[in-house]
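Have a look below at one chain only, the form predicted on its own, in structure tokens format.
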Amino acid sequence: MTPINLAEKLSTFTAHWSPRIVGAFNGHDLMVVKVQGEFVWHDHPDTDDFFMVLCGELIIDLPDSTVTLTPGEVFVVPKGVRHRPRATVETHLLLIEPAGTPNTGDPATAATKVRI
């Protein structure tokens, strides 16, 4: 058992929208990801979607509103709600979701998650 240094883990890759698993918690993946630009509109029919901004700024478009998150802020998109994360500057996030959850909501289009 050792602490997980999120900044150190984030320094090991440059790809955007490609989550890296850094740990586990009660059947959930703890992941870091770098984002910039727009992700696809999607939903997760069976699970909420947790976002925590570590640095940068994340915009989450929802069907009837937009949420903007800055460092230290958390937002949970309820299961089944369509959303589109986007960032105008490179932004680093902590994500928590049930292990095996596809990041697009569809296993056929989801990014492969790598454990680091």
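Just count from 1 along the sequence shown to find any residue number. Remember, it's a predicted structure, so these values are computed and weren't measured experimentally.
Only in words, not in the display: the form predicted together with a further copy of the same chain, which the text now covers.
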| query | finding |
| --- | --- |
| Cys55, Val81, Val40, Ile59 - the one with a heavy atom within 4.5 Å of a further copy of the same chain in the model of the complex | Val81 |
| Any non-hydrogen atom of Thr112 within 4.5 angstroms of a further copy of the same chain in the model of the complex | no |
| Contact test in the model of the complex: Ile116 vs a further copy of the same chain, heavy atoms, 4.5 Å | no |
| Non-hydrogen atom contact Glu90 with a further copy of the same chain in the model of the complex at 4.5 angstroms | no |
| Residue contact check: Ala15 to a further copy of the same chain in the model of the complex, 4.5 Å heavy atom | no |
| Residues of stretch 54 to 71 in contact with a further copy of the same chain in the model of the complex (4.5 Å, non-hydrogen atom) | Leu54, Leu62, Val67, Thr68, Leu69 |
